[in-house]
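Next comes just one chain, in structure tokens: the form predicted alone.
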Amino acid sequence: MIELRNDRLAFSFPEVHRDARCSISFMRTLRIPDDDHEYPLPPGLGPFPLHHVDDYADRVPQGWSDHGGVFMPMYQAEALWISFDGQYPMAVKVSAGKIDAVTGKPFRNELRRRPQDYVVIPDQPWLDGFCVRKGLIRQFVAMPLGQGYTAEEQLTGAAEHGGLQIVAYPMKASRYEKLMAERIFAHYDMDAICCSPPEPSAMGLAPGGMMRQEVYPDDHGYSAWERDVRSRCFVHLLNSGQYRTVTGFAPPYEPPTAGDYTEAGLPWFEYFDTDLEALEGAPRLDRLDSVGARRVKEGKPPLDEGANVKPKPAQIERLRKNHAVRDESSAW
């Protein structure tokens, strides 16, 4: 079951286990420079507002109602990251325009073991983009469909789906109970030791700037998941310029530039989990043109022309597993 709660997608599987719950939110953030330098994790600037497609069925683009789900507004070239929250282990597939963000292969409902095409909650607290190399991603950046920028268009030649597709699978109840028993034992052991609107503009996600982020392997094993039990949600992207027409609400403020944010002395982040190695990354995704590279090929100026973003070491906060918080919306 999927519910929309306070701009979060709440997944629950009571038929599997009473604890089988997680939530996923989509965070506004800085678009890092697209200059092939590696950047730390940018902050969260608050969640994107989410709306039920069915509530605006007569106003959203044709075809969205077939998939249902939710939609949110994004400015052109705005960036996002996906936040995962929950303690019950889940295998979560993330696709952009039906292109898997971990492997670059076409979307399918089923889990793939080799190569692993999903992330694991709670080991993976967030995902900021396409997994291109070991320890590196390219940021999710919104671009209009039909201009050739999105991962979907570069890999399939078509601008058909756009948006995001999220599928969650819960861990088997028996494995979860065993895992909890092991954790309780370890805890005690440690204690002993110590209207008729114009047609809206749909959006897709393109690869942007390079960021240091690890996508972790499945430490539980492929057999741990209830592969016949899943929930899927389409997350459609709507151009912020059309958002008011569809919903009657003003779109969120435009985010600051990475340069303005850094100049203000606000924090960037690094996350580390010494217990897990990173996946190698997907060559299919690494070969894609970033937004900046494509603009250069088209003779257009880069989006980050004149950007001067060099976070000082004192601005970079290191986040440990189980203590990771990136939301800095109140700071800006």
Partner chain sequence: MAFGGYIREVRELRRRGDRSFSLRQVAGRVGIEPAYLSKIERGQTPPPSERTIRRLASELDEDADVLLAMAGKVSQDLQEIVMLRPKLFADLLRQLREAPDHAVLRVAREIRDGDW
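Residue numbers count along the first chain shown, from 1. A quick note: this is a predicted structure, and the numbers were derived from the prediction, not measured.
As for the form predicted in complex with its partner chain, it is not shown, yet the points below apply to it.
Under a 4.5 angstroms non-hydrogen atom cutoff, its partner chain in the predicted bound form has residue 234 among its neighbouring residues. Though the partner is left out of this view, residue 242 does not reach within 4.5 Å of its partner chain in the predicted bound form, counting heavy atoms only. Shown alone here, residue 325 lies farther than 4.5 Å from its partner chain in the predicted bound form, counting heavy atoms only.
Its partner chain in the predicted bound form is not approached by residue 172, whose heavy atoms all lie more than 4.5 angstroms from it.
A heavy atom within 4.5 Å of its partner chain in the predicted bound form is found for exactly one of 45, 70, 291, 60: 70.
Between the options 107, 225, 84, 81, the residue in contact with its partner chain in the predicted bound form by a heavy atom within 4.5 angstroms is 107.
Across the options 294-302, 47-55, 28-36, 280-288, residues that bring heavy atoms within 4.5 Å of its partner chain in the predicted bound form belong to 47-55. Within 4.5 angstroms of its partner chain in the predicted bound form, the stretch 9-41 places a non-hydrogen atom from 9 alone.
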